[in-house]
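A single chain comes next, written as structure tokens; it is the form predicted alone.
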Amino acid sequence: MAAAVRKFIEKNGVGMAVFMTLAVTFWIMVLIVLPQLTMVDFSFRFKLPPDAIGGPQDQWTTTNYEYFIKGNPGNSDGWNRVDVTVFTRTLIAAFFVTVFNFIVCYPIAYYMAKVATGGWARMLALSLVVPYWINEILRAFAFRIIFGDAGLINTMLKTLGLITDSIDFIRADIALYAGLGYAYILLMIFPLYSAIESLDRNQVEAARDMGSPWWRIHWRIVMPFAKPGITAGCTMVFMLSAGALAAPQILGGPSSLWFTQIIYQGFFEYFNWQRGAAYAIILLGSCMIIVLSLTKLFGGKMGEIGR
């Protein structure tokens, strides 16, 4: 550790080293750690009127977490069916969005890293980045127009004579999953590209010369080598998909509900910041547990994300 610090100071100078240390410390403590600690404190408090905050009634409690499981007292179901169901569905949907993104992005990343060359590779990268100059909200509304009853897809299908009645992509949540997949596609492509690009091409050529099929080359050589990029991409896409709010609000059907929408309602519609904070902590903790468990299951390491 000391050797790494000395090397960093020698490379960047004392002034820059001090500035970067202070900037990173400020970023982590003030913008990440302290807000999360405040959220944790809120989650263990009762909802009280402003004049009662700090008084004898303002004590720690697990009521907000119990409500997530049990719901209101006297609930006929015996458990909070709505919130737990929405929470489970959100995590499952985020998982499948992550898998879908990996399936779509892996061939693109491999092509950009090992097949495309020169100006064509730069053009591909630019074509991926330029659409993201548009605000996320506008892109979500664009997807709603594309998947709408009178949108581009339904119009094309009717013109080709494949359907007679419009398909309700919004109610079926197809627009939502497509929008989420598109929203975070760069966060999957570029970590994969960065990892695959450093792979020695001779390893692929040697496997090909020995008669190995293309699927085995990717399964046994490319994917194990690209494990840091896969870990980073899947982690970011899963966490952001589970915590998305704009896309579910705009692209979600009338019967669909995302867990972040329940958190939003707790804060800004019911003004129950304590319950909203508890739900936010539940979502964050669950996502972290899932990511760490799957990373360990597939033999990855969280430290590989920084590579």
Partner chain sequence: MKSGVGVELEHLWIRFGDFVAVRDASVKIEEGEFFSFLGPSGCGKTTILRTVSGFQDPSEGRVLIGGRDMAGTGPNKRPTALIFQNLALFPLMKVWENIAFSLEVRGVSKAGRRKRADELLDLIALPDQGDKLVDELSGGQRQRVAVARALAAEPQVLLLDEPLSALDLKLRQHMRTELRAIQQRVGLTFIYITHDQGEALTMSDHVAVMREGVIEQVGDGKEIYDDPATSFVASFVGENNAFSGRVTSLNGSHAVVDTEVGALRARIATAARGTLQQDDNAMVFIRPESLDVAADGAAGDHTLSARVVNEEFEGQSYHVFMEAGDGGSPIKMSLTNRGQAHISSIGGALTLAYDPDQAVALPQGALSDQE
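Residue numbers count along the first chain shown, from 1. Keep in mind that what you see is a predicted model, and the values were worked out from it rather than measured.
From this point on, the text means the form predicted together with the partner chain, which you will not see here.
Undergrad: Can you say which of 72-80, 120-128, 149-157, 207-215 gets within 4.5 Å of the partner chain in the predicted bound form, counting heavy atoms only?
TA: Heavy-atom contact with the partner occurs in 207-215.
Undergrad: Applying a 4.5 Å heavy atom distance criterion, does Pro224 contact the partner chain in the predicted bound form?
TA: So Pro224 counts as contacting the partner chain.
Undergrad: With the partner left out here, check for me: in the predicted bound form, does some heavy atom of Thr85 sit within 4.5 Å of the partner chain?
TA: Answer no; every heavy atom of Thr85 is more than 4.5 Å from the partner chain in the predicted bound form.
Undergrad: May I ask you to check whether Thr164 falls inside a 4.5 Å heavy atom distance of the partner chain in the predicted bound form?
TA: The answer is no: Thr164 has no heavy atom within 4.5 Å of the partner chain.
Undergrad: Give a yes/no on whether Ser194 approaches the partner chain to within 4.5 Å in the predicted bound form, heavy atoms considered.
TA: No.
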